[in-house]
Each structure stands twice: as structure tokens, then as C-alpha cells.
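Given next, in C-alpha cells, is a single chain: the form predicted on its own.
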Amino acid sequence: MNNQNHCISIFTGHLKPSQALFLKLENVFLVSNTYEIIEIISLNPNIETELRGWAKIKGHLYLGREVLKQQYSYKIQKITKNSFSSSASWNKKMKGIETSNPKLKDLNLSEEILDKAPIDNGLLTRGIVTQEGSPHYNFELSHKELIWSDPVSILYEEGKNLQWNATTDIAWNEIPNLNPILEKAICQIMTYLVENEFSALYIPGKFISKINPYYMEVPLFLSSLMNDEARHIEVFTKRANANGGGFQYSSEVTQRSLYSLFKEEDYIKSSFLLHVMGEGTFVDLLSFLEKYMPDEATKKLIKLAKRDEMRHVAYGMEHVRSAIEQNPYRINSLKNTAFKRKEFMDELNTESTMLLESLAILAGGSDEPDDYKRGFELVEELKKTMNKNRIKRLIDIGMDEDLANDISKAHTPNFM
């Protein structure tokens, strides 16, 4: 309406009335404003009838022809309503291109990141202009506070830079033949790790299609996280089978614990249980395994997996901390979630005994009584370390020390 006197000129040369010409006109009118006048400058003197007919079909107003010097000016006014609510950006070269190092954080897709994604934001992200009439996806997670974590772009870049290959980056042929008791313990531990990694793979996968891609960085990071977890499943599976041992047993307590994670339908609660509580504790376990594994190849694969998990914990910590800062009442909700999970786990009232014995054998070096006793004591020390570090993480996300103590003690005996 404001551009009533504005005239857009397009040069069509010798283009005859054809699909090629009308395609060009279609797009010019799509991005122009209502009542804007579009001037078609042509070298053809006799296309007036076709342009008039096209304008009538499209609901526009043909204004007439004017003879210019060796050219002809045909003018059509757009009458139909605007197809887009705004114009697409232009001349916004991103940082990092000049140095050939453009990072996700250097993107400037919009002036600001809105607290709530626009209702018409479909399978697209900030900076893409949506045509009127496009379907509304109604993504369940369309509020920034529900999903955002400030370092997500940096963590995504880190994830790419630190990728590793579970086939070629491990010296598989240097894994020694171990005492069968020790090897069996390692196979039991690898079995447990694979189970837990499946939960870390499937749970983000459950939420990723619910996240509005307006917040593009989050699904990209979660995709990289899922790739990490897939690699962990692969590498732990290979280690279990490296010396011919293979997978061992899955305990009810482990599966019950993972089920209580998997069934959580609230993304913030899930992030709290998985990343802050579960993967945070998992990092302590991996440090323990790295320390006591008898060979360098297995130490390395544990070390690489731990590095990935620390990145996942960093995302979850900032995500939950930010969510609490914006709504402190969430602390109560997270507390209830942790204790509800404890009630579910208390129905079994046991630990993963096969895992704990395997950890003791690994740490002690054998199942000889003295070695086993020393290993068992080291596992008890590990539990204390896990509890101490959980409390620290809970305080870091905004909980007071007493509550952090209570929630940490309520954590699943499965560790994850």
C-alpha cells in the first residue's frame, strides 16, 4: 500500500509470451507489495494482449503500454495481497568467510533470537521468509527457554573438530589376550556401556523432531551428539568382541533405570536426568575405567568416549541452568522428577551386581580375594566421587547444597 507509486522495472528483452516470461513475472509479483507497479521493458512491440490476459487471470491491473526508444514499457499493478510479510535479507556476508573459517556462531541469521519461534516457522530457520499460506507445524518445543544452551554453537564446532573413527583410530590389533576372568569382566562392563549409550542415542532422537528449527543450532548439536553416541555403541561393541568374549548380561536394574529415563516426556526434565545427572556420573565412571583398563588401546577408546560425554554434559548443564534462571520454580519440578524416579527404582531396591563385581575385578586386577577386596574398595570410592561431583553439578545449575545432597543421594544405582 505504501509503495503505490513505486515502480519495479524488469528487462525481458526478446522474451516472447511464454512459460519462461510468465515464470519471471510470477516471481517478481510474488515478492512485490500490494499496489506496487511493475514495469516490463521489452523489445517486443506486440505482447500487450498476452500481458493483459495474464494480469487479469492473476488478479492484477494492466495499466497500458508506452513506447520508448527502441523498447516498449508495459505496466501492471499488483492488486492481490502480499505473499510475504517481509523481504529477504541481502548483502550480509558472514564472518569467517574471508579467512575460510566460518563457524556456526558467526552466522547472523536474524537481528535477535526471539523467545518464541514465529508460528509460521516450518521446516526452516531464522532468516528464511515464509510464504503466506504455508502450513503451521506447531512444534512442541518452540520456546527458547525450553531448549537453548548458550554455548551450543561452540560445542557443535568442538564436536566436529574432535570427531574420531571407531574403526581406524583404535589400535585394535594391540589389545592383548587377557586372563579370561579379567576379559570377561571387561566384556560385562562393555555390555553395560552399550546399554547406556543406547539410551543416550534414543532419548535425544525422541525430542529432536519436536524442536522448532527456528533454533537451528540445537537440533544440529543434538544430531552431532547422536553421532557421538552411535560411535560409542560401535566402539564398545567392538571391544566386547575384540578377544572373542562378546556381550554378557543385561540386568533388570539397568534396564529399569534406562526405561525411567526413556519414558520422560518433558525435555528439560529429560536433559536434567540424562545430561546433568546421568552423563555427568558416566564421565566419572569412564575416568575410572580409563585408569584401570590394562591395555592402552582400550584406555584410548574410553578416553575418546569420555571427551565426547563431557561435551554433552556441558550442553545439558547450561541448558538446565538457563531454564532455572528464567523460572526458579523449575527447581521444585526437577526435584520431584528425581524423587519420582527413585520411587520407581526402589521397587527393585538393588544395584547392578554383575557390573559392580566386574568393576571390582577390573580395578583389583583379578578375582583373587585380596585383589577383589581392593577393587571393591576402589569401586566404593568411585561412588563417593560420583556423589561429590553430582552435588557440585547440581549446585552449579542453581540448587542449594542441601537439596543437591538429597537429589544426588536419590540418583539411580545404575549410575546413568
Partner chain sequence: MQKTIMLGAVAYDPKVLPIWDIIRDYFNDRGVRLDYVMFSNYEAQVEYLLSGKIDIAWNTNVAWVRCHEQSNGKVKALLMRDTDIDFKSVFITKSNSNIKSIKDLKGKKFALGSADSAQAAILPYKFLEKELENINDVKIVRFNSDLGKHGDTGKSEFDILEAILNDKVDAGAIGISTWVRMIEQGMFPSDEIESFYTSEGYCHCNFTVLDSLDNNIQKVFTEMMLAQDPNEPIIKKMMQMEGLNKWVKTTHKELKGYELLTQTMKEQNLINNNW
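Nothing here was measured: the structure is a model prediction, and the numbers come from that model. Numbering follows the first chain given and starts at 1. Heads up, when I say rigid core I mean the largest set of C-alphas that superpose within 1.5 Å between the two forms.
Heads up, the form predicted in complex with its partner chain isn't pictured, but that's what we're talking about next.
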Within 4.5 Å of its partner chain in the predicted bound form - does that hold for a heavy atom of every one of 106, 150 and 396?
no
Does residue 133 make contact with its partner chain in the predicted bound form, using a 4.5 Å heavy atom cut-off?
yes
Residue 16, heavy atom within 4.5 angstroms of its partner chain in the predicted bound form
yes
I'd like to know whether residue 390 contacts its partner chain in the predicted bound form, with contact meaning heavy atoms within 4.5 angstroms.
no
At the 4.5 Å heavy atom threshold, is residue 53 in contact with its partner chain in the predicted bound form?
yes
Given that its partner chain is left out here, which of 380, 371, 351, 26 has a heavy atom within 4.5 Å of it in the predicted bound form?
26
Heavy atoms within 4.5 Å of its partner chain in the predicted bound form: which stretch among 32-40, 380-388, 55-63, 362-370?
55-63
Once you line up the core, how about residue 403: does its CA shift reach 2 Å between this form and the one not shown?
no
